[in-house]
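Presented below, as structure tokens, is a lone chain in the form predicted alone.
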Amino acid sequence: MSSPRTLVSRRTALRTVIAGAVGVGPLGCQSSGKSEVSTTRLRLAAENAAAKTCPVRFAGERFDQPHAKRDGRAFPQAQVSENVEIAIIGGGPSGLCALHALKGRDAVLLEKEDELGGNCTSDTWEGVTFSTGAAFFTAGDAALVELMRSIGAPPLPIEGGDVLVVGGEPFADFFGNGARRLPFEPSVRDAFRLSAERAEERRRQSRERELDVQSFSEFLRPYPAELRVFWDRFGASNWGATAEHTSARLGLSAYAWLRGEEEGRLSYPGGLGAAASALGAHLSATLAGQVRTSTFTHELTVEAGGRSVLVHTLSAGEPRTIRARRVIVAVPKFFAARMLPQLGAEQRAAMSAFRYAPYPVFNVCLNDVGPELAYDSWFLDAPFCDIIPADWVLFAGRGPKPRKTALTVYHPLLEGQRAQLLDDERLVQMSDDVVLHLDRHFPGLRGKVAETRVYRRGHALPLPAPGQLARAELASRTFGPIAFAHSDSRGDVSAFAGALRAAHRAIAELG
């Protein structure tokens, strides 16, 4: 993981003038040499002489080695120094689940970061634990529930569901009877309720494969803009795609999630990062030497006859090669294709056709209690999609006051905005916009902000665009002694439970 950094203003002279005039403090200290201030922050200062700024702290997966691989850099390769039965590439949920299922066998897990978890990691501030990615699974994910219980980390039930926030007011059951209370025109209120009924009818009347090649946006076309905006936000946050780039199969199914038809939600303080951390700690403790972090796998070479694979890595920066009889690749397909120079053209093309959402997550750390409207609150008029109170799983909005808290703010970007994740100044601007819009919905929140933690991922979620089931089927086909286990192998929403299923399938395919 890249080292966390706190940024201060690059425009030192301008900042000093404005700070002297309106009391704006510096953004932070201990910077990496860069320093940032956003036009939004300056505007806030001009609006309010007492405006308060706070540190913006960055973290995320390291991207120097993967980007070098993408750009054609040749990495050094060493002679074979170890032989194993199975090598697992990737220490996210799928890789961790694969290693757990292979207990008792000669297997090693290789993770490029110094921390396990992939898209399931957590962070803490002043004793408050919050998610930097995945939030929950459901009681219907029986295999995952049992796995977590077996390692002594049973999940907690999440009370309540989702609300739609309009003008700072929450509206629950907004696809059911609650739609009648929405502060919209009657035709818009009716559209929310009736579209849910028609989505269920369409699902019952159609086959899954048929719906998978259709766009969800076609179903939404007759409905007013407010409904389409909501689904663009919901889809972007949950699976990385607007309605235009979402299959009807997935979009229609999501109506049932919001109407409470899914199994009860389960999670941990800090979201599913706590689950991955518990599983990683359990494996590290029980399988000494089999979990290896800071190990970047850059190439897999199938040896003659397909009886083994050379796994070429950089371990703490030093080249090392492992020979494995079988390999489970538990990394996203766009990078798996780059690791396998021998891959056939058809399968490579299917992997390369996968599309991923760039996805920063902002955790707004508060010196007091913030809005506690529901577990998940959705917005139509903010730059972000939704917010989750970090300690909702513990208190469900009824915790002690005052107390330090955090709001996990999900802020996916469009594919064409991926480069913004590498622009520190732009991320500081986004952070300020997050606080600005929260304060507009919940006046006074700005004064409670102590700092903002920004976690950035360049390829967080595989987009379930029309035809993704067929693409995933081809891309995930076993390649000799190599099987694929990342959650994007399923062509569905990327989720911890899906990662577990993909891991078990890969093991079965390798035998």
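We number the residues from 1 along the sequence you see. Just so it is clear, the model here is predicted, and its values are computed rather than measured.
Same protein, other form: the form predicted in complex with a small molecule, not shown, and the subject of what follows.
- Contact check for Ala390: no non-hydrogen atom falls within 4.5 Å of the small molecule in the predicted bound form.
- Remark: Asn119 counts among the residues lining the small molecule in the predicted bound form, judged by a heavy atom distance of 4.5 Å or less.
- For the chain shown alone, Ala460 is a contact residue for the small molecule in the predicted bound form, at least one non-hydrogen atom being within 4.5 angstroms.
- Put simply, Thr297 is close to the small molecule in the predicted bound form: some heavy atom of it is within 4.5 Å.
- Just one of Arg233, Lys112, His245, Arg249 comes within 4.5 Å of the small molecule in the predicted bound form, counting any heavy atom, and that one is Lys112.
- None of Ala241, Ala98, Leu272, Val327 but one reaches within 4.5 angstroms of the small molecule in the predicted bound form through a heavy atom, and that residue is Leu272.
- Heavy atoms within 4.5 Å of the small molecule in the predicted bound form belong, among the stretches 328 to 336, 418 to 426, 222 to 230, 205 to 213, to residues of 328 to 336.
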